[in-house]
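Form predicted on its own, single chain, as structure tokens, below.
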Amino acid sequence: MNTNILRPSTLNYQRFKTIGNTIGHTPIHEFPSLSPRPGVRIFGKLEWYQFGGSVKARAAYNMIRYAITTGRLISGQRLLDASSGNTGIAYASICSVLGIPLTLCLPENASSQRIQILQGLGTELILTSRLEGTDGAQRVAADMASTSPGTYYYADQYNNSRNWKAHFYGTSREVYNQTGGQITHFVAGLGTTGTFTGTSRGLKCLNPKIETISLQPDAPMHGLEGWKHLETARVPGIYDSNLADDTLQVNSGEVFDLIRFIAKHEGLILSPSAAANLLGAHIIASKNRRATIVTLLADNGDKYSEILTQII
């Protein structure tokens, strides 16, 4: 019997359950200002309305829950992962409540706001090469876990099936139910690919006719934090390319134009990645006479003032 397993009394089990109750079930918002014609509706789920403040709360909670309940994360170990920011903040928010020490490998060009948030939540940060992005951060995290297996539990979000399963069992059903089963298209950008993979797989189980469209930046060097240009980056192990009925490229300049437009016409200040998803949804809308298109808005603009003050 492993006496080092994190037991409910150690974690404050009621807090663990309470956090779970605040994950998911985010509101859905229609964007009539983006509809090109009657009969085409565009919706975005406001993912910052949950504990941890972004869509990554879903995967982070699911991965931590699995690690604890299976005894993989034991007392005295540090949770370890690589992140571009939002998953890290979700981890940090959850771990700070549960008293789990956290170490994150983060590219050194992450925004100062994200670094300050993570440090404020007590996270140990290992800053990695800005030139290698999250691919480099993953390599550093994997090396640390291999060198000191007793010190760290490596969650490995890019290859952890609990990432996409959070969306398979949660997000896809929420989207389907919130549209009354009328959804015809689902659109999402690719980063860890958990959101796209899990939600698309879940929606196609509910209705195989739903079209799922993946989005990528149109160049290796882009301004969409958390997104991957898969042709020039390490492809996450959880990604299933067979799920995409189509793949669109998104231009960063057009994303910033849309941020301004949405602020003026919808009263929402979106993050670049959220606006990029919405731009993809708008592109799909322009190609259809009748459609109900849904995307996820990963987070709002609260953590991006360094960028947004220059464009709004």
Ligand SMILES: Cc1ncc(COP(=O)(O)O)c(C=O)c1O
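Being a predicted model, the structure only gives us computed values, none of them experimental. Heads up: residue numbers just count along the shown sequence, starting at 1.
Below, we turn to the form predicted together with the ligand, even though it does not appear here.
Colleague: Scan Asn160, Gln138, Asn86, Ser214 and let me know which has any heavy atom within 4.5 Å of the ligand in the model of the complex.
Modeller: Looking at the other structure, the residue within range turns out to be Asn86.
Colleague: Can you tell me if Asp81 lies within 4.5 angstroms of the ligand in the model of the complex, counting non-hydrogen atoms only?
Modeller: Close contact is absent here: in the model of the complex, Asp81 is far from the ligand, nothing within 4.5 Å, heavy atoms only.
Colleague: Does the 4.5 Å heavy atom contact test between Asn62 and the ligand in the model of the complex come out positive?
Modeller: No, Asn62 stays farther than 4.5 Å from the ligand in the model of the complex.
Colleague: Is Gly202 one of the residues lying within 4.5 Å of the ligand in the model of the complex, judged by heavy atom distances?
Modeller: No, Gly202 sits far enough from the ligand in the model of the complex that none of its heavy atoms falls within 4.5 Å.
Colleague: Should Thr195 be classed as touching the ligand in the model of the complex when contacts are defined as heavy atoms within 4.5 Å?
Modeller: Although the ligand is absent here, Thr195 would touch it in the model of the complex, with heavy atoms inside 4.5 Å.
Colleague: Where, among 72-80, 100-108, 121-129, 185-193, do residues come within 4.5 Å of the ligand in the model of the complex by heavy atom distance?
Modeller: Only one stretch passes the 4.5 Å heavy-atom test: 185-193.
Colleague: Among Lys56, Ala298 and Tyr304, does every residue place a heavy atom within 4.5 Å of the ligand in the model of the complex?
Modeller: So, yes: the whole triplet contacts the ligand.
Colleague: Heavy atoms within 4.5 Å of the ligand in the model of the complex is the criterion; list the residues of 258-285 that meet it.
Modeller: The one in contact is Ser273.
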